[in-house]
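We begin with a single chain expressed as structure tokens, specifically the form predicted on its own.
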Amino acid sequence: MAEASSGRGTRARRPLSPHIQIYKWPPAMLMSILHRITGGALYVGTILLALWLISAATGPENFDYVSSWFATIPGKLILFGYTWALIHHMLGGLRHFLWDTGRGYDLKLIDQLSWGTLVASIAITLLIWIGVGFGGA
């Protein structure tokens, strides 16, 4: 508890403001932060996608060179992360769209939708990557 002067020489005891070490973050808050992070990551990933498309348009040598970056383990991890960020951001947008219609404001449902967004984005990303054979050879 913080102490503050009550103006008469005594100090009144007041509660401390919540801070990151004692405040329990609700799932919707965590997903909101993650939605913003994935949105930022999509900027970087889209630049890489544009680089790949430009290399395809400029000739087979350039395309093979850029594709060889994405064939490495770090390249595949970046592509996997981009896929997950894209799916997670899309599902978060659909969750917000639901809220824009005036539905889904029950606190229990908000938590379920928040965790569902995370679980579904991981599951869909894994299904996509299993479907393409984890990036081929």
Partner chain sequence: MSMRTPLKKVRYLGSAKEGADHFWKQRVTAVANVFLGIFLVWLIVSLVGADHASVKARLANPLIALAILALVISGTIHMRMGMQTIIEDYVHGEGAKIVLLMLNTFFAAFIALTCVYAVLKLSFGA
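Residue numbers count along the first chain shown, from 1. Worth saying up front: this structure is predicted, and the values here are computed from it rather than measured.
The protein also exists as the form predicted in complex with its partner chain; that form is not presented, and the subsequent description refers to it.
Taking a 4.5 Å heavy atom cutoff to its partner chain in the predicted bound form, the contact residue among L109, A71, A50, M29 is A50. Residue contact check for Y65: none of its heavy atoms lie within 4.5 Å of its partner chain in the predicted bound form. None of the heavy atoms of L77 is located within 4.5 Å of its partner chain in the predicted bound form. In the predicted bound form, its partner chain sits beyond 4.5 Å of every heavy atom of R103. In the predicted bound form, I128 approaches its partner chain with a heavy atom inside 4.5 Å. For the partner-free chain shown, L86, H89, M90, L94, H96, F97, D100 of 67-106 come within 4.5 angstroms of its partner chain in the predicted bound form, judged by any non-hydrogen atom.
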